[in-house]
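Next up: just one chain, as structure tokens, the form predicted on its own.
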């Protein structure tokens, strides 16, 4: 058991070292592409906290991304604050919003919860479109970074990488703490969890707040990287769908599942868009459907079990068919 843990820690260390070295040996296009992958890996991992471990499929997590982006833009552009202060404020603001919204919304279950979170995201988008401080549909510019172009690529890459590592470490600690066990108990049977004394409201709200915190951090870095944000792209439901697909594709309820999903989906998507410009979305959809039908527990389950043959796929179909 100890040797197994040591091997896993060693593999994580090697993977992190390899990721850290990526900008030193790649051109700006690859660094930007890797930064986008890291961004979606953070958001999918953050969604995994509420959707994967707790079993509450949020369709409105993009609201935390948008809040993080706009808190950063307003604090930097209107208040003249430093990026790092705006970055911390963005995460905390998104987490606070998650707590305020989560208290009433997390009393709903299933598709009612999913629709409610989607509604919250659309309502926030409409609010931002009509506020003077956010400059409505015109969008808001952020101060430009005073660094050479190459160093800017480095900065955003390492900010995303650092946030991803923080997200995974916090999730790992959470899973080995009482709160993590509470979340899994809620996912399996919330009524039973309630009956044995678990404070389900507190546990769900904390999971939602942590999900908001890391997604808010992500929105903050994205806004500074873009130097200009508008309500449409910042609150698009497409972002939420993408983070859910990545978590499901990689493996919900697994620490590295969403990370693997983000890397796989982004690389497949990029490959298909390069070679099938007109029909890449169709091919992409087919790939995702096939993956979910044959590996419903995510591709990480296939890797953990070291089963890559036809028998594994047929077993999954028999086990999960309706």
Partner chain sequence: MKGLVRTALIGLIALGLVASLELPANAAATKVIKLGCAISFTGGKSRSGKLYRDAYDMAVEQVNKKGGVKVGSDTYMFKIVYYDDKSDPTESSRLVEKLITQDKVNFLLGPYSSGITIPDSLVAQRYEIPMIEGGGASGKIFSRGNKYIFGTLPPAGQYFKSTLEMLKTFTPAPKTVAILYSDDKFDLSVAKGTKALAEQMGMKVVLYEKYAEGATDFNSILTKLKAMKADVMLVAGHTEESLNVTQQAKELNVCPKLISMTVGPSEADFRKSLGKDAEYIFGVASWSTQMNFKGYLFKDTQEFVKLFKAKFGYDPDYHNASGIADVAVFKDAIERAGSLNPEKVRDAIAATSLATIYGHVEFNPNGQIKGTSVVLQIQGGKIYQVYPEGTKKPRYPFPCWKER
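Positions refer to the first chain, counted from 1. Because the structure is predicted, anything quoted here is derived from the model rather than measured.
Form predicted together with the partner chain: not shown, discussed below.
Interface residue remark: residue 135 is counted as part of the site for the partner chain in the model of the complex, having a heavy atom within 4.5 Å.
Using a 4.5 angstroms limit between non-hydrogen atoms, residue 142 touches the partner chain in the model of the complex. Contact check for residue 295: every heavy atom lies farther than 4.5 Å from the partner chain in the model of the complex. Mapping the unseen interface onto this chain, residue 233 counts among the residues with a heavy atom inside 4.5 Å of the partner chain in the model of the complex.
Taking a 4.5 Å heavy atom cutoff to the partner chain in the model of the complex, the contact residue among 249, 87, 153, 208 is 153. Note on the interface: of 56-64, 28-36, 42-50, 252-260, the segment with non-hydrogen atoms within 4.5 angstroms of the partner chain in the model of the complex is 28-36. For the partner-free chain shown, just 77 of 72-106 comes within 4.5 angstroms of the partner chain in the model of the complex, judged by any non-hydrogen atom.
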